[in-house]
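First, one chain by itself: the form predicted alone, in structure tokens.
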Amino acid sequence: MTGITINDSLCTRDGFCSIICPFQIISPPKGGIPPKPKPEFSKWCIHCGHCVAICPTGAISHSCMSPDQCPPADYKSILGPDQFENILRLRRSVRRFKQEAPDKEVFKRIVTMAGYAPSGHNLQAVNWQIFDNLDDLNHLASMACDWMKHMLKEMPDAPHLLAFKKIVAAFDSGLDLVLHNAPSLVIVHSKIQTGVEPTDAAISLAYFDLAAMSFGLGCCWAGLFTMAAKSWGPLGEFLNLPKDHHLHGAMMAGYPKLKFQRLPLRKQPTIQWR
């Protein structure tokens, strides 16, 4: 059962846990320790861990985590604005990969890091599927091309058809413009529970993309493959996602064959101050 316990000898009666609680279900202490949570605590608690994270003395424990399980916050290691901007600008869409597939332990660490991404109601519902078998990857790209051929035949007025023609022709000649011969493909999927899952998955993939840089990996969002996987039955069957799960996105990943030497310009943002 969801709940919190408070160590009376460590609690300083500062009330931080009640202030920080997203749904205000930890009552203010009123000079003493916070009172025992009301029955609705279990109903509304989203297991975010804010109450454990905010307590300066480690006095509060949640049923899903204790202070000992949560490392101390290290604000000194936060990068400055210039350093962080450099990381964001260094991140490029990589489409030329070495054929060496990243080690599974590397992927596990990156996925774990991506798991720190925020999610609606803290559901943390994103699931991961990683392909690193070259035969499977080629088959996935081939089925995506089958979908494009179907679109060219059945929906001649659909958007992207000029690109589809080029991609299909290239694939038939031995050039993969779908997955770009990437050694790995990362897929995110989940059930739809609240409607925010596609957004949660996109944020998780963005975290994955940035975290991969720290391991020397490069990534590229596989938007064309995602379109095909959502529309083409044989491709969906091959992915074999759990029942009631929806594919939300895909990303190619691997070690870059080339290294970028400049930071390209981007449009200046349009901001409306209100």
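What you are looking at is a predicted structure, and each value in this text was computed from that prediction instead of being measured. Numbering starts at 1 and follows the sequence shown.
Although it is not shown, the form predicted in complex with a small molecule is what the next lines describe.
- Annotated contact segment (heavy atom within 4.5 Å of the small molecule in the model of the complex): 216 to 224, selected among 216 to 224, 58 to 66, 230 to 238, 25 to 33.
- Not displayed here, the small molecule is kept clear of H189 by more than 4.5 Å at the level of heavy atoms in the model of the complex.
- The small molecule in the model of the complex comes within 4.5 Å of no heavy atom belonging to C17.
- Contact check for M252: a non-hydrogen atom falls within 4.5 Å of the small molecule in the model of the complex.
- Using a 4.5 Å cutoff between non-hydrogen atoms, N122 does not count as a contact of the small molecule in the model of the complex.
- This chain appears without its partner; in the model of the complex, the one residue of Q193, N138, S93, T199 with a heavy atom within 4.5 Å of the small molecule is S93.
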